[in-house]
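What follows is a single chain, given as C-alpha cells, in the form predicted alone.
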C-alpha cells in the first residue's frame, strides 16, 4: 500500500487526515491524548480497527504526560485518559477493547517503575498496530477463498486500509482476491452522509489499481436485479453474540437487497470486533451525529435551513441476512451464536 493510516513515529502519533481525502493527502501529528481523542471524534481517523489502534496510541501518549509518584496515582490518571478516549465514539467496540487491553498491561506491570510502565504501554500500542496488519491479511486470505473468478463485489462505506492499520477487512478480502489474480471488480457505493465510499474506498482502490466503479447509494438494488453484482462484502463496528452486526448506516439496506436478489452478503471483521456480552444487535449503542453532516456537503448547504434531521451513524443488520462472517480465524456461517463462541475459544 502506498499510504499509512496511522503509525507511532518519533514519539508522536501520525495519522492521515481522512476528512481531506481525496483532494489532499495530508498527515497530522499528535503529541497528546486530547488531540487523538479529537481526531477520533472528528473522523480524521475512522473505522473500528483504526479507532482501536488510535485509542491505544492515545493512551500511550497520555501515560507519558502523567505526573505521579506511585502506581495508584498513575493508574487513576490513566483511567481518566481512557475515559476521555472512550467517550469519542460509542458504537465501535474495538475502541473499548483497546482501552481495556492497555489498562490490563498497566495493571500487569504495576510492580515496575512508572517509566518502565510507560514504555510497556507504548510497546503495547505499537503491537496492536502490528497485529492489526497481520489480522487483516488473514481475514483477506480466508475471504478471498469465497470470491469467484471474475466476480463483481459491492462494498459499502470504507473497510479498507484507511479503516485499519493497513490492508483492510472488507477491502482486505478484495485486495487478497485481486492479488490472487481472480480478475475481480468492485462497485463502491458513495455512503452518505460522509461519502466514505466515494472519497475513501474509491481513492484507495484506485491507488492500488484495483478496478472500481462508483455508484450512488440508491443504485445498488437495480444493479443487483440486473445481475451486475455477484456478492457483497462489508466491514463491521460491533458484532453481537447472535451475529447481528452494526456497521455504517445503509448496510442494513444493502443486506436486505442482497437477500432479495439471492446474492451472498459477507461481513469481514477481526475477533476484536465481537462483543459476545451483547445477546443481540438490539443492545448495540448507535451513535447519533450532528445534523450538519446531512444538511451540508463540505460546508455547502444542500437542504433548507432549519429542517429537522436524523443522523444515526450506524445501523444493525440482523444475522439472518448475513451469509458468513469472515475473521482472522476463519469463516462462521449459520449458527453464529455457537460459531462465534467457538472461534473466540480457539
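Residue numbers count along the first chain shown, from 1. Since we're looking at a predicted model, the values are computed, not measured.
What follows is about the form predicted together with a small molecule, which we do not show.
Peer 1: In the predicted bound form, does residue 60 come within 4.5 Å of the small molecule, counting heavy atoms only?
Peer 2: No, residue 60 is distant from the partner.
Peer 1: Does the 4.5 Å heavy atom contact test between residue 245 and the small molecule in the predicted bound form come out positive?
Peer 2: It does not: once the small molecule is placed as it appears in the predicted bound form, residue 245 has no heavy atom within 4.5 Å of it.
Peer 1: Can you check whether residue 33 is within 4.5 Å of the small molecule in the predicted bound form, heavy atom basis?
Peer 2: Outside the cut-off, so no.
Peer 1: Report whether the minimum heavy atom distance between residue 178 and the small molecule in the predicted bound form is within 4.5 Å.
Peer 2: Judged by the heavy-atom cut-off of 4.5 Å, residue 178 is well away from the small molecule in the predicted bound form.
Peer 1: Report the stretch among 107-115, 154-162, 254-262, 182-190 that approaches the small molecule in the predicted bound form to within 4.5 Å, counting heavy atoms only.
Peer 2: Flagged stretch: 154-162.
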